[in-house]
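Take a look at this one chain, the form predicted alone, written out in structure tokens.
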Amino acid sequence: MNVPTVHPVPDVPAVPVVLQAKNLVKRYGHVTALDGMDFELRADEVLAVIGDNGAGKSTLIKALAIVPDAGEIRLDGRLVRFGSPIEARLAGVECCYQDLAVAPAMTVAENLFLGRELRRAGFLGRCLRMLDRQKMIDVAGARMADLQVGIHSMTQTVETLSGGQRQCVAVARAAAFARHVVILDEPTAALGVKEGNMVLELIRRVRDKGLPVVLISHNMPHVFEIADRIHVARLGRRAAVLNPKKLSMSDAVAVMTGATAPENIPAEWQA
């Protein structure tokens, strides 16, 4: 009798987890914004975070950059506790917040190096603390060209740019200095179709260069256009992680609003 040959199934390599959080809790007085939230960001992906107002989306991102009330955060497998956004930045986690993007009266180069200005070498920089403006202009131009941002003059003020170009400056600033993660909070809010697509294209280029991106957004068409996975936040918890290629926008909204309970989510929707 011929015995059929059984071929072993090759192991599929697991995608590395860059940023992970477990059981995050964040309270503001009597209000619990995060109630045991879990989070997982894989390498080389755009992870969209969606949820209704008050679901804990922005609080989750802020808890990743400051000390939560409870829970743990791991960066590349290492347990970390950031006391401030500056500590998170020093660890290679860059955040672009919706309400604090750019300084309009400053130039593109000055915005790119805002808070980490380059000083001139020797006595002039060390003692007189003079800035190396030309080097900042040159480096800013190289970084913007590398990300293919369509802004050619690094010396023009940001207030002369369009809304989409301004947001591109903010995203490019985060991407230029991030070593591990880029977190974007509503980067396409209040932008038109053309300018929103400009920002989405920049996010794609950031991901393609090997930086995972966390994208908080209410814009479902943008989420489904660019996200590799969708983290659904509801009532301070993670309701599900969805595969945008396996379900529709209305299905995602049903999970987000609670019309579809977590236990009733089909397995093929999940990622």
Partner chain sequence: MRIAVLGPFLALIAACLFFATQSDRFLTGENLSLVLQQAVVVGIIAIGQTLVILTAGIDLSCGMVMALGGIIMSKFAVDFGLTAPIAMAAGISVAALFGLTNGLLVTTVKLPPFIVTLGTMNIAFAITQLYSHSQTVTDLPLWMTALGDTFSLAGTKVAWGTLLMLALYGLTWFVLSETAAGRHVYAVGNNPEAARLVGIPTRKVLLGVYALAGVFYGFASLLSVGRTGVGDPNAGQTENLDAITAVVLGGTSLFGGRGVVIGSLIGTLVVGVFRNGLTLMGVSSIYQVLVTGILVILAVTADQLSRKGAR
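These numbers come from a predicted model, not from an experiment. Residue numbers count along the first chain shown, from 1.
The form predicted together with the partner chain is left out here; the points below concern that form.
Put simply, of Pro104, Gly192, Gly150, Gly122 only one has a heavy atom within 4.5 Å of the partner chain in the predicted bound form, and it is Pro104. A heavy atom within 4.5 Å of the partner chain in the predicted bound form is found for one listed residue only; from Asp138, Glu117, Glu72, Asp146, this is Glu117.
The putative spot formed by His180, Lys209 and Val241 is not touched by the partner chain in the predicted bound form; no residue has a non-hydrogen atom within 4.5 angstroms of it. Using a 4.5 angstroms limit between non-hydrogen atoms, Arg81 is distant from the partner chain in the predicted bound form. Interface membership of Arg126, defined by any non-hydrogen atom within 4.5 Å of the partner chain in the predicted bound form, is ruled out.
Contact annotation: Pro85 falls within 4.5 Å of the partner chain in the predicted bound form, judged by heavy atom distances. Interface residue remark: Leu90 is not counted as part of the site for the partner chain in the predicted bound form, having no heavy atom within 4.5 Å. Only one segment in the set 128-136, 73-81, 184-192, 197-205 has residues whose heavy atoms sit within 4.5 Å of the partner chain in the predicted bound form; it is 128-136. The single residue of 168-193 lying near the partner chain in the predicted bound form is Arg173, the criterion being any heavy atom within 4.5 Å.
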